[in-house]
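Consider the single chain below, provided in structure tokens and representing the form predicted on its own.
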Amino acid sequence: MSAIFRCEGLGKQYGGVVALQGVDLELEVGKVHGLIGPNGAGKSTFIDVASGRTAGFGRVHFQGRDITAVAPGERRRMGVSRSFQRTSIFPALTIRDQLDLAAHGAGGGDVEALAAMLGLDRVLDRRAEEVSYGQQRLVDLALALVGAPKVLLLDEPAAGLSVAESEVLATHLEEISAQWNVAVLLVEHDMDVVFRICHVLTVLASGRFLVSGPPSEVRTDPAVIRAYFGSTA
């Protein structure tokens, strides 16, 4: 299957520091592609550049179109959505109001159905500050899903979740990628989630591409073990 989202030579430099150097990556419909690596490897920077939030170098293609020069808001309306490491919700607003605002910006969306799918229907009319942290992370996911995007770039969606909450999130991501035919890029430190749901893994180290392949091969690759632990012993 051909890629719906393709990044060629993505890079970013902050002064004399190279945060990301010439990384290629392709996403396919219905697949979860994990992007992992040690702290400071350039994972979040990759998503920032790929989503257009941060200017860098390289090319980004969506559905065969070069969208490198397209603004982040327009990319969102085209069908390329993202989440952030920290929750992007407004604590004092109800969950319904936040999803309605996101739907307006994304050009529409069935808020009720989306909330029901993620188990948020019972708390739709509660303020975000009144629900659990796990539910707040699901609201973040819901905001990214409003408008039924074709590409979903997720930056550590399981950050701060309990084991049980991470399992719920992983189940939702599996269903979303398969049933909605969404191409997902998942940056995540929770390796239980990563190895459970990802079809392909790409590993970065010091801002550079290290290896890519099926999770079963990547987890035993000597280069990956060295990057994480400094030794293959």
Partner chain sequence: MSAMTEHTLAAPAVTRLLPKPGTLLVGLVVIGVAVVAASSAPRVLASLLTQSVIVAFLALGVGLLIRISGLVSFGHAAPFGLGAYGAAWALSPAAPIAPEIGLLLIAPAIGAAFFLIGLVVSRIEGIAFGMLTLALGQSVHVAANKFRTLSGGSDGLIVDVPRRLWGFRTEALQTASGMLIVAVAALMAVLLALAVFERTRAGRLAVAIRENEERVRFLGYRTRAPKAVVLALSAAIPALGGVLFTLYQGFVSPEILTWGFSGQALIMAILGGSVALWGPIAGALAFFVLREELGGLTSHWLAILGTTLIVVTVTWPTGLAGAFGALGRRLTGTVAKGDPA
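What you see is a predicted model, and the numbers here were worked out from it, not measured in a lab. Residue numbers count along the first chain shown, from 1.
Although not depicted, the form predicted in complex with the partner chain is the subject of the following passage.
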Look at the stretches 50 to 58, 160 to 168, 35 to 43, 200 to 208 and give the one with heavy atoms within 4.5 Å of the partner chain in the predicted complex. 50 to 58
Contact check in the predicted complex: R77, A113 and M117 versus the partner chain, with a cutoff of 4.5 Å between any heavy atoms. Do all three pass? yes
Contact with the partner chain in the predicted complex for R126, defined as at least one heavy atom pair within 4.5 Å: yes or no? no
Using a 4.5 Å heavy atom cut-off, state whether Y133 contacts the partner chain in the predicted complex. no
Closest heavy atom of V151 to the partner chain in the predicted complex, within 4.5 Å or not? no
Within a 4.5 Å heavy atom cut-off, is W180 in contact with the partner chain in the predicted complex? yes
Hey, which residues along 78 to 93 are within 4.5 angstroms of the partner chain in the predicted complex, non-hydrogen atoms only? R82, S83, F84, S88, I89, F90, P91, A92, L93
